[in-house]
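Single chain ahead, written as structure tokens, the form predicted alone.
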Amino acid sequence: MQASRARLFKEYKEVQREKAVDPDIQLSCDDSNIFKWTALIKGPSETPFEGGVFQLAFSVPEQYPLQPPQVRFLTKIFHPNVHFKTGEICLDILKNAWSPAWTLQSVCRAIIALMAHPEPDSPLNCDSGNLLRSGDVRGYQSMARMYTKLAAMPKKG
């Protein structure tokens, strides 16, 4: 557990330094628990998520970095690789392709990349995966944009 704490403190310091470098990711640690983190990520440009800000919850195991963190969306998102109700994310690096070289910051970058490039063949959200697999990109983008406006954009006035 000491090794995981040391690693997380190191990542915390790096996050503080990189805030200006990566404006698309705001990663923060729970004040009372170094194993609980949250992130605010900006939806990638030229996607239906553009303009949205999405909150992620990280639960870091005591075996970190040998085991991956559990990450889920707290903000509702219409995406084939995200479970609509639980926010669970289907991403290989969070499962069998994890490497201790990954950091919480790089996991956020991988999630942003997944938002821009969905994998409809391994869907957690079948409705969204089916739209893409059937070639209805317009229908998928329309639904994703609608949920982004409803859940991830600041309310006006």
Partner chain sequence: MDSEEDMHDANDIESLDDDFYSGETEDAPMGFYSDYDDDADDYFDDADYSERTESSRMEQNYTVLKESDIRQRQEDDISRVSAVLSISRVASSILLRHYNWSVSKVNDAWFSNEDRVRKAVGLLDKPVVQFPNASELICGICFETHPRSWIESAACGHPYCITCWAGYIGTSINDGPGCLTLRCPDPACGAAIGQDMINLLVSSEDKEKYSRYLLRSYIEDNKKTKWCPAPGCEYAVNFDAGSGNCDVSCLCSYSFCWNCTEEAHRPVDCVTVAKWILKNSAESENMNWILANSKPCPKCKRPIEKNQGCMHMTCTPPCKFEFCWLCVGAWSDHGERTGGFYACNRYEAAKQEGVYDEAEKRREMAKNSLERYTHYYERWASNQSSRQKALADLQQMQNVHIEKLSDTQCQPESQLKFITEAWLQIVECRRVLKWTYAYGYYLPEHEHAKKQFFEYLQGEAESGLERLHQCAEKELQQFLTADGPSKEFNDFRTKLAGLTSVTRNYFENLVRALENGLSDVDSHGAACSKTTSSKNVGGSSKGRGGRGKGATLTSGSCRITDDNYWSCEHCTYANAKSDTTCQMCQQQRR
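Residue numbers count along the first chain shown, from 1. Every value quoted in this text rests on a predicted model; they were computed, and no experiment measured them.
There is also a form predicted together with its partner chain; it is not shown, and the following applies to it.
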* Report yes if any heavy atom of residue 57 sits within 4.5 Å of a heavy atom of its partner chain in the predicted bound form; otherwise report no. => no
* Classify residue 113 as contacting or not contacting its partner chain in the predicted bound form by the rule of any non-hydrogen atom within 4.5 angstroms, answering yes or no. => no
* Just to confirm, residue 40 within 4.5 Å of its partner chain in the predicted bound form by heavy atoms? -> no
* To do: Verify the contact flag for residue 138: yes if a non-hydrogen atom of it lies within 4.5 Å of a non-hydrogen atom of its partner chain in the predicted bound form, no if not.
  => no
* Asked: Out of 110-128, which residues reach within 4.5 Å of its partner chain in the predicted bound form, heavy atoms considered?
  -> 120, 121, 122, 123, 124
